[in-house]
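Quick heads-up: it's one chain on its own, the form predicted on its own, in structure tokens.
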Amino acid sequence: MRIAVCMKAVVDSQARIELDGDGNLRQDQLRFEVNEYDLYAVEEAIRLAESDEGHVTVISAGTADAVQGLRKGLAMGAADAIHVDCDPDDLDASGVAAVLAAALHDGGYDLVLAGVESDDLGGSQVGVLLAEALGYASTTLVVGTNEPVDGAMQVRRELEGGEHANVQVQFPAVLTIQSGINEPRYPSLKGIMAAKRKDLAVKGLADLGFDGAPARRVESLGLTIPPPRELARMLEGGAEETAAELVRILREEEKAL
């Protein structure tokens, strides 16, 4: 079984976000890390490969910031990696899907796994758009997989209200992986050292047949910092007094009751 896993470099949630005088994001203070949902996808791919003598490829579209994530995927157990060298700011979700599809098109993959969403944008679009671009079946919000049988796999999907559904998906297919499906492994020292020595397959947009970045379907009009929140209100007095005042505030001022 050949499995590809899509990974993304996202801004560290602890990084300081600032805009310059022109309203553009300041890049000099940003730190990047691997998208958390993608680590669950990598772990699931490796587990499936280990049970079926499979082959796992990790792929990421982005600048040099994406390389760290690919190295981590290799250290966890992926066999090889593809870095599509491009500026992610030039791509919307459809553009990312088009670029990844072009890179994966001739790989003969049975499964393509991706995190259900990214930590930064949270659009949950790239996985299903990638399936459409590849012409693969797709299943989203996967929280469980089973060993493949005769070119198909039973997967468990998370639904609303805490419900779940068991679905059979035919290969080739794209699965978007939900958090909690597994516990991503920590790369071993041996895996980390081996990952450093592995060469990445680097492809530019021209190598994939693109004359520049794919046309955007979504345009960003601008960035603004959210206005500061009002200061908290401290209620003083005994338990009954503060409880009564809290109810009054919620009912009369906030209209929440």
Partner chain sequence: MSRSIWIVAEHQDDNLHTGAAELAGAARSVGDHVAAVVCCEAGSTVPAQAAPFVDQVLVIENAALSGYTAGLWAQGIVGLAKESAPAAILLPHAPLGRDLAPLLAARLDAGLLTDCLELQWEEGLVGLRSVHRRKLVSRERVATPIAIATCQRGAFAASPAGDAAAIETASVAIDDTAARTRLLSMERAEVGEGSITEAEIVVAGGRGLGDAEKFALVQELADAVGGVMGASRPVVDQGWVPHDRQIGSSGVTVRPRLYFALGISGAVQHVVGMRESDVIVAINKDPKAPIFEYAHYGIADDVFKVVPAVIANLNS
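Under this definition, the rigid core comprises the largest set of C-alpha atoms superposing within 1.5 Å between the forms. Residue numbers count along the first chain shown, from 1. Please read these numbers as outputs of a predicted model, since none were measured by experiment.
Just so you know, the form predicted together with its partner chain exists too; it's not on screen, but the next bit is about it.
K.L.:
If we take heavy atoms and a 4.5 Å cut-off, which stretch out of 57-65, 220-228, 198-206, 44-52 is in contact with its partner chain in the predicted complex?
P.N.:
Of the options given, it is 220-228.
K.L.:
Although the partner isn't part of this model, could you tell me whether residue 79 comes within 4.5 Å of its partner chain in the predicted complex, counting any heavy atom of the residue?
P.N.:
No, residue 79 sits far enough from its partner chain in the predicted complex that none of its heavy atoms falls within 4.5 Å.
K.L.:
Since only the chain is shown here, I'm wondering whether residue 120 would be in contact with its partner chain in the predicted complex (any heavy atom pair within 4.5 Å).
P.N.:
Judged by the heavy-atom cut-off of 4.5 Å, residue 120 is in contact with its partner chain in the predicted complex.
K.L.:
Do residue 108 and its partner chain share at least one heavy atom pair within 4.5 Å in the predicted complex?
P.N.:
Although its partner chain is absent here, residue 108 would stay clear of it in the predicted complex, with no heavy atoms inside 4.5 Å.
K.L.:
With the partner left out of view, is residue 89 within 4.5 angstroms of its partner chain in the predicted complex by any non-hydrogen atom?
P.N.:
Residue 89: no contact with its partner chain in the predicted complex.
K.L.:
Can you name the residues of 126-146 that have a heavy atom within 4.5 Å of its partner chain in the predicted complex?
P.N.:
Residues within 4.5 Å: 128, 129, 132, 135, 136, 137, 138, 139, 140, 141, 143.
K.L.:
Taking the rigid core as the reference frame, is the Cα of residue 249 displaced by 2 Å or more between this form and the one not shown?
P.N.:
Yes, the C-alpha position differs by at least 2 Å between this form and the one not shown.
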